[in-house]
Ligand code: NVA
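Heads up, the chain below is alone and in the form predicted on its own; it's given as structure tokens.
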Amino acid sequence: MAIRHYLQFRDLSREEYDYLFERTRVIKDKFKRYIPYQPLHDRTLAMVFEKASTRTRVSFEAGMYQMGGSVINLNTGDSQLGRAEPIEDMARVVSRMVDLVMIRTYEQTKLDTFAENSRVPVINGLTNEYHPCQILADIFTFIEQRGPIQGKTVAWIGDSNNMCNTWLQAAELLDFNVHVSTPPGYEVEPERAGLFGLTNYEEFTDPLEACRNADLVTTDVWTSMGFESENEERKRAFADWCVDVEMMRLAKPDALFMHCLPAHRGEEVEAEVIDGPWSVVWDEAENRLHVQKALMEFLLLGMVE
């Protein structure tokens, strides 16, 4: 089987996503009913972290063990990724010893270079540009709660960061719409987002209007990892982009709220929203485990019965 990497959302087709979402449903059902399922017995996942993580590490590590495999966890202190050794050389060595690599790092180019020189599949655990595993979980959560996402409207409120970029790629591929509202100076950069066209999203200067009639309202922290020096400036710029009850009431009556976590209540979202009836953030967080199990199975074994 040819090596498949998962570096950004558009690396898979719509048909493959349909398969992955159905496969996730099956794998999650087995998990909930305590039915052992270990198709990745004797397979090894290497996890490389340049950016710290809670949900990414726990979901991948627990998922690989539950699927019968083993895990090696590396950070920049344990590996050469952040040192003088060329990424190409590290990829050539590590990929001869493991079956799958997940990398959580800063620049997408570093991930791409590793994948180009790897003999095994590479998964993007997060970069400055994209966060495909999170959006995979978010869309599965929407499907679980509300059915197909095709034709629906997602309101993205806040920074046009890696999450926003990935939502835009997903909308283009799976045929739904994204309403984006960012403060001036933080608008979407189509080239950086990796978009082919501009037909599946609309930009709004007023976050309230972006939320009007939305099926899903979602956001992220104002200051992503690596941009800490801009924190105070961003707090001032984003003050009107806090997802509040008024925004949720302008969305559809059955609208959902999502956040990839960690969240800062009182900044990008009001406590009344994230802890309220609209919120599915805990299901969303759990579903990282299930979609990534389906993804790892797909990358290593292809489509299974």
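This is a predicted model, so every value here is computed, not measured. Note that residue numbering follows the sequence shown and begins at 1.
This next part talks about the form predicted in complex with ligand NVA, which is not shown.
Enquirer: Can you pick the stretch from 229 to 237, 199 to 207, 213 to 221, 175 to 183 whose heavy atoms fall within 4.5 Å of ligand NVA in the model of the complex?
Expert: Heavy-atom contact with the partner occurs in 213 to 221.
Enquirer: Using a 4.5 angstroms cut-off on non-hydrogen atoms, would Leu126 count as touching ligand NVA in the model of the complex?
Expert: Taking the distances in the model of the complex, the answer for Leu126 is yes, it comes within 4.5 Å of ligand NVA.
Enquirer: Even though ligand NVA is not shown here, does Ala255 get within 4.5 Å of it in the model of the complex, heavy atoms only?
Expert: No.
Enquirer: Determine whether any heavy atom of Leu261 comes within 4.5 Å of a heavy atom of ligand NVA in the model of the complex, and answer yes or no.
Expert: Yes, contact at 4.5 Å.
Enquirer: So in the model of the complex, is ligand NVA close enough to Asn161 to count as touching (4.5 Å, heavy atoms)?
Expert: Yes, Asn161 sits close enough to ligand NVA in the model of the complex that at least one of its heavy atoms falls within 4.5 Å.
Enquirer: Using a 4.5 Å heavy atom cutoff, which residues in 269 to 283 contact ligand NVA in the model of the complex? It's fine if the answer is none.
Expert: Nothing in the stretch sits within 4.5 Å of the partner.
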